[in-house]
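Just one chain follows, in the form predicted on its own, and it is written as structure tokens.
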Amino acid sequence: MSDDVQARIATAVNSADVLLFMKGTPLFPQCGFSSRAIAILEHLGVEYATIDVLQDPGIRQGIKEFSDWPTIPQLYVKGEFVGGSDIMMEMYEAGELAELLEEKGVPHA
């Protein structure tokens, strides 16, 4: 991963309280996992930002190396990697994702 890509990812991760790297946009997710991740965030009523990795091949590959996680989507809360959609779903169902948002001071419903 180039230093430029790593710097852009680091800047993005620290620019929003909740950031989702996904395929597509919240209105038009391009995979089922990204769609599920958006549904979870919407259900939690949290404000979030997204980055469509399909628009930038460098970011698409670079985020996997940045997090050492092989799949997309990837959720970051206050700069901390949380996981992909499966982990998000498990945490959501257990109430742990809402707890994490509260611990990090991120407003949500």
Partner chain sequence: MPMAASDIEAMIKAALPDAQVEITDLAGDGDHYSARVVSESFRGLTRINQQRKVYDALGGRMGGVLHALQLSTGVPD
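Note that the coordinates shown come from a computational prediction; the quantities given were computed from them, not determined experimentally. Residue numbers count along the first chain shown, from 1.
Here the subject shifts to the form predicted in complex with its partner chain, a form of this protein not shown in this document.
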Considering non-hydrogen atoms and a 4.5 Å limit, does its partner chain approach Ser35 in the predicted complex?
no
I'd like to know if Ile40 sits close to its partner chain in the predicted complex, meaning any non-hydrogen atom pair within 4.5 angstroms.
no
Thr50: heavy atom within 4.5 Å of its partner chain in the predicted complex?
no
Its partner chain contact in the predicted complex: Val82, any heavy atom under 4.5 Å
yes
All three of Ser67, Pro70 and Asp86 touching its partner chain in the predicted complex at 4.5 Å, heavy atom to heavy atom?
yes
When its partner chain is considered in the predicted complex, the residues of 86-107 having a heavy atom within 4.5 Å of it are Asp86, Ile87, Glu90, Met91, Ala94, Glu96
